[in-house]
Structures are given as C-alpha cells and as structure tokens.
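The chain below stands alone and is given in structure tokens; this is the form predicted on its own.
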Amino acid sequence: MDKEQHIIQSWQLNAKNWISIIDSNAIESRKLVTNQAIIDAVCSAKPLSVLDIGCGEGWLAKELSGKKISLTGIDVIPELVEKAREKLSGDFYIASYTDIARGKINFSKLFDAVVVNFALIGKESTEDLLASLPRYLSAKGKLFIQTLHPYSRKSMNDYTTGWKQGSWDGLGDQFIQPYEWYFRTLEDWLQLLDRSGFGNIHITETLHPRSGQLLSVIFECGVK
C-alpha cells in the first residue's frame, strides 16, 4: 500500500474516534485559536458560496452555514460525510482528491471560496488537487488553506520538505495506525501555490495565546 492510500485507510479506521474528539472540542489548539482563525479568514472575503474540501464531520461547514453561506462539502471518508449530513443541510459528496482533480464531481456552480482546513497531508494528492482548483472558483474567488505552520519543525532540526512520521499523540489510545504525512517548507508551499495557478498570496500566522508557539499558517490567494 502506498503512503497516500495508507493515509486514507488510517482515517477510515479512526473516523468514529475523530467524530468524538471534534464533537467534544477536545483539541486545545483548535479550541483556542485555529478554528476561529479559519472562520474569520473565510468570512472576511464575504463569500456567498463555499466548497469545503476535506470537510470531515462538518464542523466548519456548520459554522459557515450559520453565517448565511451556501455550503458544499466533500471528503473521502464515508462515515465523516454521513456525520456532516446529519449536522446540516447542503450538498455533501464522498470523493477523493483525485476525483476532484479529474473533474469527476459535477458541481452545479462555481464557488466564491474554496477552503481546505488541515486536510492537505499527502504529496501527489495535494499537488493534483491544487492544480485543479482554479476551475472551481468564480472570477474573484479565493482559496483558503490552513495547515500546520512549517516553522514549527525548525525546533526539531528537520525543516526539509518530504515524508514525515506521523502520530495520533495527544488524542487518546483509541486512535490506531498512524500514517506518514508530506511536509512542505513555507517556501515550497508558496512555490506550489504559484505553480498551481494562484497568486496574490496573503499569509496569516496563528500563535498559541499563552506560549506564543506558532500553530498554523493560513494561505489566502486568488487565481492568477
């Protein structure tokens, strides 16, 4: 099994555990900072329609729909999509990033914003997906990506692009089968976005409110 498929399999095995963790708001960084950061970033663009890629169990879609935004969600894990459908009305698709990249999903409209929140953890899947996204955005549409801040690995003396060993540390012993994930330096993220057809890239960094530790980076960009 290749690394990309192993990521999907791990999420399939841990879907129920993930739903429980999110519903109980048990991840400190999300509760304190990163959830609100992506909500604020997207809302600042005043979109009428949003495509939430890697929507998971639907927490972000629910938050945005409460702000009178039309939501479409997509995720490869059926159990997560079913949970999202329970939370709110809207269009939710079970499909992979490869399906999106190959145009296999027949969306009925272009979107004012596409959001990918902590959901770009592969290599080829990420590259193929990003290259396809300009076709799904309206003329002035925006792409929003939130991901682990690349500089957080500098303290580990491992600031190099490549596959890294992952873990479910901190989420409980019920999580099983961790996976490798593909890390990119900040410079490589910017180059990838440029190659994928995006420009005017704006960066927002989030910090832990007590320790000052870098938590995430949000990329906001438009189609060139």
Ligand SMILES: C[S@@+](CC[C@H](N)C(=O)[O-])C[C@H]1O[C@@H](n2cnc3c(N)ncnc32)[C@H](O)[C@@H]1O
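Here the structure is a predicted model, which is why all the values come from computation and not from measurement. The first residue of the sequence shown is number 1, and the count goes up from there.
One more form of this protein exists, namely the form predicted in complex with the named molecule; it is left out here, but the text below deals with it.
Q: State yes only if every one of K123, F144 and T206 has a non-hydrogen atom within 4.5 Å of the named molecule in the predicted complex; otherwise state no.
A: Judged in the predicted complex, none of K123, F144 and T206 sits within 4.5 Å of the named molecule.
Q: Evaluate C55 for contact with the named molecule in the predicted complex, applying a 4.5 angstroms cut-off between non-hydrogen atoms, and reply yes or no.
A: C55: yes, in contact with the named molecule in the predicted complex.
Q: Can you check whether I7 is within 4.5 Å of the named molecule in the predicted complex, heavy atom basis?
A: Yes.
Q: Hey, in the predicted complex, does R184 get a heavy atom within 4.5 angstroms of the named molecule?
A: Contact with the named molecule, no.
Q: Please tell me whether any heavy atom belonging to S96 falls inside 4.5 Å of a heavy atom of the named molecule, as the geometry stands in the predicted complex.
A: It does: once the named molecule is placed as it appears in the predicted complex, S96 has a heavy atom within 4.5 Å of it.
Q: Mind telling me which stretch in 113 to 121, 150 to 158, 84 to 92, 136 to 144 gets its heavy atoms within 4.5 Å of the named molecule in the predicted complex?
A: Stretch 113 to 121 is the one.
Q: If you look in the predicted complex, which residues in 66 to 85 sit within 4.5 Å of the named molecule (heavy atoms)?
A: If the 4.5 Å heavy-atom criterion is applied to the named molecule in the predicted complex, 66 to 85 yields D75, V76, I77, L80.
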